Ligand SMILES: Cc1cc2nc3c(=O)[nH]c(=O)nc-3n(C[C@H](O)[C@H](O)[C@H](O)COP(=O)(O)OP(=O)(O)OC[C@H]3O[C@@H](n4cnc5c(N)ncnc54)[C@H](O)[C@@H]3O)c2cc1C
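One chain is shown next in structure tokens, namely the form predicted alone.
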Amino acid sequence: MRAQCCVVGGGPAGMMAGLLLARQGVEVVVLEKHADFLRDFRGDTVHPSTLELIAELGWIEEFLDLPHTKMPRVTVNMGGRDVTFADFTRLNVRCPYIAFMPQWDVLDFLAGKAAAHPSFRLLRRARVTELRTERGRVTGVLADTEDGPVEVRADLVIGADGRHSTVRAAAGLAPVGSSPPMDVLWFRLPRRPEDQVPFFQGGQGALISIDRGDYWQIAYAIPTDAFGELKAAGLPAFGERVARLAPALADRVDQLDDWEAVHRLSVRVDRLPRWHRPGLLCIGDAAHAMSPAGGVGINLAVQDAVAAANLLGPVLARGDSPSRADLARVQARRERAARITQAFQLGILRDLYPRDLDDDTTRHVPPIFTAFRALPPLRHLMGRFIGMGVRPEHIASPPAR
């Protein structure tokens, strides 16, 4: 199979890159290893920056018809006191809030829009196994599919296959960095209309509760490698921990009757010193894996995709292969934003999370929270940082004529 660009990974970064390149008339093949998008994604936040991009494409009303809930402010409860950590309401955008929307709906929406372009093709159940190279340049990929192996030849391969990127490993691009000392346990509990549960609750552990309409999507942060000890104590003890942090849910934590319903995510924060090699560019988590703090990972990945399409789309559209300098321009534009955001996650927010299973996080509240109490305008600056990012991107590429 021949394409001008082969995108590996059908997540938010991959689908947005494929869509925006096809919109410029570039022949694009997106390879997605799963049969569909119906999986229990954890990153379901759509920040104001991404909503603004959807608006720039002219689709915001249609997009917001999809099921979602809105959060105009991020409120953190520490030691019984609520602190507004980020306020998006003053952002100069069409949607000044975070939208919580199932990621499968977001991806189906983008795939549907991309399919309207004849130069776009999405291959599902296509698991990339290796890169093809010639004289040191990546020239395509080999993938396993239901119908057997498929080779895709391309002028550019974009690795958008996440924090455990096959493309990155095959290219010999090794990440560096450090991880915060925590894992995150995700699970669901039923939601009732009268429930009053803070978005973030500190105490013995840290609990994030996302209102998904008829259920709570909950993340419980624990120290790295503490899951075995927690599991050995049993589900009833785990339920008691959750109930202490969210008393409103105490009458239903017993519905967690199987550890299979609790999904462990090992948090990993790293980055590539170099995002590219000839014929290949990594974006999103494949280039810089983020912590869940702030929910910004998806939106940074989407901004990477927009920058890549803006800078490389015109090169591909005229029939050329992107040069080393072309690929380096994408990294130069996006790397600083990723580094600053990771430094924020690893430094300022580190004390929000438990150091061991007996740790009470209210005893080491990050100093920034004292500043938020003393200087409320800071919450608007934080709203801009989280909601828009360090370097917001905009759709620069016009539709192909």
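Please read all numbers here as calculations on a predicted model, not as lab measurements. One-based numbering along the sequence shown.
Beyond what is shown, the protein has a form predicted together with the ligand; the following relates to that form.
> So which of R324, R94, R244, R127 reaches within 4.5 angstroms of the ligand in the predicted bound form, heavy atom to heavy atom?
That would be R127.
> Could you tell me which one of A309, L281, V106, V296 places a heavy atom within 4.5 Å of the ligand in the predicted bound form?
Looking at the other structure, the residue within range turns out to be V296.
> Evaluate G11 for contact with the ligand in the predicted bound form, applying a 4.5 angstroms cut-off between non-hydrogen atoms, and reply yes or no.
G11: yes, in contact with the ligand in the predicted bound form.
> Considering only heavy atoms, tell me if V184 and the ligand come within 4.5 Å of each other in the predicted bound form.
Although the ligand is absent here, V184 would touch it in the predicted bound form, with heavy atoms inside 4.5 Å.
> Taking heavy atoms and a 4.5 Å cut-off, does P292 contact the ligand in the predicted bound form?
Residue-level check for P292: yes, a contact with the ligand.
> Using 4.5 Å between non-hydrogen atoms, is R132 touching the ligand in the predicted bound form?
No - in the predicted bound form, heavy atoms of R132 and the ligand never come within 4.5 Å of each other.
> Judged by heavy atoms and a 4.5 Å cut-off, are R137, A171 and R271 together in contact with the ligand in the predicted bound form?
No, the whole trio is out of contact, none within 4.5 Å by any heavy atom.
> The ligand isn't shown here, but in the predicted bound form, which of 112-120, 227-235, 259-267, 80-88 has heavy atoms within 4.5 Å of it?
Comparing against the ligand in the predicted bound form, the contact stretch is 259-267.
> Though the partner is not shown here, which residues of 156-172 have a heavy atom within 4.5 Å of the ligand in the predicted bound form?
If the 4.5 Å heavy-atom criterion is applied to the ligand in the predicted bound form, 156-172 yields A160, D161, G162, R163, T166.
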